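So this first bit is one chain, no partners, the form predicted on its own, shown in structure tokens.
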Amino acid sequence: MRKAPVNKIISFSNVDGPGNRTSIFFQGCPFNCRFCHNPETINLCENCGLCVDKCPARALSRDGDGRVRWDPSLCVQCDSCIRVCPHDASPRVRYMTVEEVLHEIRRAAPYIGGITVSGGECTLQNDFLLELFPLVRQMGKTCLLDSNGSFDFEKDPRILAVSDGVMLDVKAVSPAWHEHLIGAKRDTVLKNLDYLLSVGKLQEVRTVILPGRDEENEVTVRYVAGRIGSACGYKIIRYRPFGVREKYQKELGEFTVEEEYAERYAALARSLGASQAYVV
């Protein structure tokens, strides 16, 4: 029976796509973004055990094989385990079957328009989603992917065939800046931007505006706006330091980007034809 590592499920979200949605966050990501505000979703737990003694609720323990076990019934969500983890991971991960995830979705079904799968990076779980999405759509609900663009959708379009669209992160466009900021090349992301547009599956593009990085911000916004026009939404996200690893806060900024600063880029995007650009 296929299982996937689930970091958390938010039954009701109004920020992960249109309307009210259930958002499923999978564990694991091939990118290592410096401004990531949930870096504990990047890697899988290495069972080093450093978190066990730091848990004030005794919700963590080791089993007979030395693996870290999490008891949700005892957990108080204090995040002590995440703060001490040296591996950008979390012990609070459930390996869930499709039916178990469906059970969570059904509980919220009368009040949601669909689901959004995120992460980490949701496309690492494509085989799982190929089973999940058709069952969710049979319930009359939409299925959206919130993706960093690391997966080449054109090479294997099966997941698009069972989904209603992709919310795509375009974090940077300048090659050197993308590699510095993300730890990976930009090529597949930009290829996906064009491909998803061409097949009508681009729900929204998202770009984080960083403080004081005027040139890099503008290059990215100009590129995206010139590509998408009015075809989809363009979410201009203000950088926020909450959750960002301390070493990167010192580099990128320790304060939230002002709305006026971000609005400059939304206005630029709209002036270039991206009529659905807005700031959050």
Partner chain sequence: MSDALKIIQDPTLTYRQELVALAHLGESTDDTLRYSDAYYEAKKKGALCDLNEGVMPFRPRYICPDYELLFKKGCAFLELDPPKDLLEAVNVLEIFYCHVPSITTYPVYLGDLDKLLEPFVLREDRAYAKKVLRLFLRNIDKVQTDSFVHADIGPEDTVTGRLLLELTEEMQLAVPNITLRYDPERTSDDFALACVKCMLKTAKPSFANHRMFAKEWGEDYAIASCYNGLKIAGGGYTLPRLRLYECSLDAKDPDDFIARELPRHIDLQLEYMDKRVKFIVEESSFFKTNFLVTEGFVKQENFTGMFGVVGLAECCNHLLGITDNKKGFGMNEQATKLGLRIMDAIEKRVSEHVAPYCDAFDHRYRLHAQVGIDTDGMDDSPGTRIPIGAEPTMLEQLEVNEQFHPYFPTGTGDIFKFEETYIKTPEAVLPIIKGSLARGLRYFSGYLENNDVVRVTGYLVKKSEIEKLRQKKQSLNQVTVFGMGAQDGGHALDRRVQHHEESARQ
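Note that this is a predicted model, so its numbers are computed, not measured. Positions refer to the first chain, counted from 1.
The same protein also exists as the form predicted together with its partner chain; that form is not shown, yet it is the one meant from here on.
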Please pick, from H37, R58, K250, R69, the one residue with any non-hydrogen atom lying within 4.5 angstroms of its partner chain in the predicted complex. H37
Does S271 make contact with its partner chain in the predicted complex, using a 4.5 Å heavy atom cut-off? no
Contact label in the predicted complex: R213 to its partner chain, heavy atom within 4.5 Å: no
Do A267 and its partner chain come within 4.5 Å of each other in the predicted complex, heavy atoms counted? no
Give a yes/no on whether G119 approaches its partner chain to within 4.5 Å in the predicted complex, heavy atoms considered. yes
So which of 154-162, 205-213, 178-186, 94-102 is the stretch with heavy atoms within 4.5 Å of its partner chain in the predicted complex? 205-213
Stretch 224-238 - residues with a heavy atom within 4.5 Å of its partner chain in the predicted complex: I237, R238
